Each structure stands twice: as structure tokens, then as C-alpha cells.
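One chain comes next, on its own, written as C-alpha cells: the form predicted alone.
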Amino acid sequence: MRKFFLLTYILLLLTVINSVAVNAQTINITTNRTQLVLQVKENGRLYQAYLGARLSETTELSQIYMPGTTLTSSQITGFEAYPVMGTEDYYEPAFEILHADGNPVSVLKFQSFEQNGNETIFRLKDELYPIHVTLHYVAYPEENIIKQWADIYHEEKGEVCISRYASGMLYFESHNYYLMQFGNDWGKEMQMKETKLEYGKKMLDTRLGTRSALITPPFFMVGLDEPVNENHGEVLMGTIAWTGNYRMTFEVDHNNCLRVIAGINPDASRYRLKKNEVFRTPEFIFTLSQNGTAQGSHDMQQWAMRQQLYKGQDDRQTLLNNWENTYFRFDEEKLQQLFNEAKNLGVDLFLLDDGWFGNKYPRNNDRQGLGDWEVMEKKLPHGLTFTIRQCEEQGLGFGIWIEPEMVNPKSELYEQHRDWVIELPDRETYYSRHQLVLDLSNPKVQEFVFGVVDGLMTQCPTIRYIKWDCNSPMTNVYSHYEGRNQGNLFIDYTRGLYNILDRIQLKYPDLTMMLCSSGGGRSDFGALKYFTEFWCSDNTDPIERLFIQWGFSYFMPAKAMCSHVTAWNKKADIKFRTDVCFPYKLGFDLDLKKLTDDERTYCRQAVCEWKRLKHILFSPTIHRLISPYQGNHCVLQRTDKDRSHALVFAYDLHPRFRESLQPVKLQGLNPDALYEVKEIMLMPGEKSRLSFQGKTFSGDYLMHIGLPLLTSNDMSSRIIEIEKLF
């Protein structure tokens, strides 16, 4: 009898499964290697049915059974694509709303979908309230990237507030989950740490308003079933394109399923949504690699250069910056000397940093003048156009530093427009770096900030490069412009910034800009739609930079990562300091007169070789061979698209006494091809001591036997060029 009832139950269950499957409407989103399947179930709601490796064309998608789903004809729960607070899903929702009549719940039903090329659009609506949510998914087939966002609007007569508004939500089912997160502080950007995710929530978020990536960079990696690995295993790599407060939530539920939610941080951001106003969330961008982070990095970097990074397909130029040479102490004579040094170095640009502006409150330190963007007559009595002309006479382009979102209280701007400043009324003010943040939610302030750039470019139209800095988080958080809508401030500020950058890009499309924020305080793909590159860190100690650049390399193209040779860590010689910067967007920020003739010659050689090898340096194909986190060495490799040309960068940090050194096995070469191997970038008068110098090896040999690249020398480096013989 027991067997009879069991058999009957199984048959009934299969009948229900088949019934649900047959009635389901299935929508397919694919890249060349990843597939996302969504289904509309009998209850009229949209669910994620599958996310993983791309399935064969013969797979019957309507038969997919969603784990965690209650299978009854009257009620279905499971992986809802955009769950709402207050419905039957008990975990972190994607959306929360307070209707005009005080009702705190919406049930979003599927209305329609359309597919336009690689974009899939789902329209959802509450049956009882005129609230609409449109989900957008854009697939990039070759790059194996999917991005998603939501548009939210309503037609209610009264006030509607939204308190959660995720950009996207993904579900996974594996035995184990391992989160690789990146932690920050000033001078310690992109420090990596892996944690196993257990039942409950793990959140990565920021509330800094402006320098949003300072403490928590907007990147993550999740190893599915096993820890994150460079060359094998399934790994999710994701980020959010937003230059403000964000939150990424990782929640393991009672069925051991993982939910990943990314979007704007809802803290202190209860948004008052006007009737028919479209609230567009930022883009959530992810790739799902079946072959570890090497494949994921390649996909993310290739996508960024093709689709997101401003001028991502264009060239990049070397520069000399005066900051760590002069700080605020310069004049026309000193700058002329630096122009000559930049010419002799062979760089393309000279960048004039902080300290060139302010007259009533001269910018001779960081305590005053910020906001008064007029040329300082005492330092530059002949004006900025004269200085630029001197620079250009040396065959150099000219760049300049600005920090237009900020203001010193000791400035004419603050005296005249205190209501433009984010500052609490009737309370003691907290200052970060002796400055405050201008309120970019205010259209008048947006006009002023745009005018800073527009005024410079109108007066000096040959300026080729701007370093846009942002040195203060948002404190004393109150907007005189927003009034009672203070919950809108953090969001409207970021949108105001984008409005300004849109106008700059439209009017000055050839202008290139560096994104800077006390180092890597801003390093997101939302801002990089407008900037050609970003400053990874103020910490230019070469040892620390190896760790910082290692972390960024998982997501960021090399051409976007500014790396300048400086005088930090004088225990490291000029070769080591330069070699650490060489694989990225190369620059110099040091007093060249303090170098020896051989050291200056080496720097000039580095500029020439960097220009020769940019096609490899900027390749998205990166292999991280030995991590600095694993010991006393660091080795990485860049390879061009057809595997004919590669560069290997080997660094010895602080090797231990009589440490066992093994050959380094290369990756990504053609096993049947022959390659010439040679060390480049040698100090003047030196010859390579490597036993393989100038010899020929098969790709198979290089990948399975390897090369003796490591030494026991403290802070030493080698750059190896590997070129296919034709």
C-alpha cells in the first residue's frame, strides 16, 4: 500500500511539473558562452529558470524545473526576477514601494516582452496600482557579458516613495559559494579577501556619496562550488556602473540557493518619485566564466574597451606630472624647466597639478582657494595661455588639474553661494581635507561646474587633458535645494554629475580626462563612460602598487589604469619602480634632476619601449601567473590576440633566504609555434644574465616546462618579450 501511494504521489508530481512547464512562457537571453532563461508562470509573474553555461539548441527550455519552487496550480514561489517587499518571498527583495494611499506592497505581473537585437525588455505592472517596472537585459555575445537595469514609473495621483530599487537580481544553486571581495582605504585600494558564504546575508556597500569606491570598490567575484581560481571553475564576476552609493547583497537561503542583488544603496535614499517620472537604475554588469578568472577578466576588459570606457579603442599617451616634484611650489620659470625635462623624457603630455588658481585666497595649500577657478596672477603672471604656449613649443600636449565638485570654506565661492554647499544648517560642520562638497542636485551648481571646464576650454582651447579630482566624501549631508526631499539627494547628486559630464563630452569630444579621487576613490564603469583612465591609488610605492594593480586587473583594462613612476620607496631602484608601472598607462611624477644619467636614460628607454609595445600591453588577454598574495614574487603575462607576441613581467618582492625557486610556466601560447625569448628593458651598459636570453622555445615548452624568471634579489624585476617566429 505504501508503495502504491508513493508511486501515485510521484506520478501526480510529474503531472504538475509537466503542466507548469507546458504552460510556461520561456524567454531566452544568451551570449556565446552563457545562457539566462526566464519564464512566465501560471500566476503571471516572471521567474529566473536557468543561469549557467550555454545549453545546446536541442535543450527543451520549457522543461526546466526551478529549485525552491512550490508547484501548485494556485501558488508559485521561487526565483522571481524582481521580487517586491511584502509578497510571499521572505528574503531580500529587489523593490519596495509606498503607494499614495499608504499601501506598502505591489505584485508585479508580466505584461509583455520584446527582443531588439541583443536587448530583451520585460514590462511588468501591478494589477491594482498604476506602477510599472521595465526590466532591461543586454547581452554582448562575443564578450560574454550581460548587463541589466530597471525603469520604474507610476501614474498615481498622490505621493509615491520607493525605498529599494535594485538594478538586477540573479540566482544560483551550488553546493558552496566563495565570495572574493575587495577592500579599500586611502593608499590601500583593491585589497583582496575571500570568504565562504553561509546561510544569511553578506553586504558590500558604500555611503560616501562622492568617493564611493574608497572603502568598498564596486567589484566582486563568486566561485561556484569551489574557491575563485584563475584557470578553472565556474566564477561569477560582477560590478555596478554607478558613481554614488551602491549596495551588493549576497544571500544564501534555506535551500542553499544564492541570491545576488546589485543596485543603488537604499540607505538614506527614500526616493520621492513624481508621477510619470522614470527612475532608471544603474547598470548591473556581470560575466559568468566556466574557465576561471583569466577568461572572466579577458571578457570584462574586452567589453569595457569596446562598449564602456571612453575612447576605449583609442590610443593612450604618456605624461609627466609636476605634483610630487613641486606640490604647490611652482612658477613660470619652474614650469619651463619641467617642460624641457618632459621633452627630454619623450612623454606626450605635461600635466599641471593643483595650485594654479585663486587670487583673493591663493591656492598655496589645500586649506583655501578651492572653488575660485581663476589663474593665480602671482604664480602665472602672463596667464594660462602663455604657459600652455611654452609647453606646446616643446612639442608637448598640456593637461591641467581641477576639482570642480568641491569648495574650501575659505574661498570667494563659499562666501557668495553658501546655499550651494552640502552642509547641515545650525550644526557644527565636519571638514574632510578642509573642504566641502557642492550640491550637484542643484541645476545652478551643475551649470557652475560645467562652466569650470567650459571656461578653461574657451580660454585655452588647446588643452588636451584634464585630471578631475574629488578629495572629500559627502559629509554634513543636507541639501538646501532638495528641501523636504532629502532622500533624493544621494541619487540626484550622481545624476547631476552625469549631466555635467554628458555636456562636457558632447561639446569637447576630443578632450581626454583622468578620473581621480584621492587615488582610487572612484573606479567604476559609470564614470568611465566619460573618462579615458583613472588613478588607481595615491600610494605609488612599487611593492604596494603590485597588490593594488593586481586587484584592479581582474576588471579594468590596462589602458585605463594610470601608473606613475615616483620617488616613493627609495629602497627600490628606478628599474623596479618603472617596471611596476610599465604594464599599464605609464606616467612619471618625480624630480628627474635627482636621477643619475643612467636612470634618466632608463626612463627614456621605458617611454620608447612602452610606445612600441602598447598593442600587447593593452590586450585584454591577461594571465596572472604568480600572485603577490601567495608569497614573495609576482608574475603576470599579456598576450596579443593571435598568440604571436607576449610580454611577461616578473617581480621579486622580498624573497626569503635560500628560497626554492621553480620555473614559471607561461599560458595562452600556441603549443606548436616557436618563440624567441629575450629580456628587454635593461639598465644602460648591462647585459641580461638570464640563461635563455635570445633562445628559441616551442610554446609547448614555455607552457609545460617554463622559464627560470625568479631570483632571490630584493625588489628586482625582469620584463621578457616573447615573439613568434614566422
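All values reported here derive from a predicted model rather than from experimental measurement. Heads up: residue numbers just count along the shown sequence, starting at 1.
Quick note: we don't show the form predicted in complex with a small molecule, though the next part is all about it.
K.L.:
Although the small molecule is absent from this view, report whether Arg433 comes within 4.5 Å of it in the model of the complex, heavy atoms only.
P.N.:
Yes, Arg433 lies within 4.5 Å of the small molecule in the model of the complex.
K.L.:
Answer with yes or no whether Lys559 is in contact with the small molecule in the model of the complex, where contact means some heavy atom within 4.5 Å.
P.N.:
Lys559 lies outside the contact set for the small molecule.
K.L.:
Any chance Lys585 has a heavy atom within 4.5 Å of the small molecule in the model of the complex?
P.N.:
Contact check for Lys585: no, nothing within 4.5 Å of the small molecule in the model of the complex.
K.L.:
Although the partner isn't part of this model, could you tell me whether Phe79 comes within 4.5 Å of the small molecule in the model of the complex, counting any heavy atom of the residue?
P.N.:
Result no; Phe79 lies far from the small molecule in the model of the complex.
K.L.:
If we take heavy atoms and a 4.5 Å cut-off, which stretch out of 110-118, 461-469, 309-317, 567-575 is in contact with the small molecule in the model of the complex?
P.N.:
So the stretch in question is 461-469.
K.L.:
State the residue from Gly263, Gly519, Pro218, Gly399 whose non-hydrogen atoms include one within 4.5 Å of the small molecule in the model of the complex.
P.N.:
Residue within 4.5 Å of the partner: Gly519.
K.L.:
To verify the annotation, which of these, Phe122, Trp550, Trp303, Trp323, has a non-hydrogen atom within 4.5 Å of the small molecule in the model of the complex?
P.N.:
It is Trp323 that has a heavy atom within 4.5 Å of the partner.
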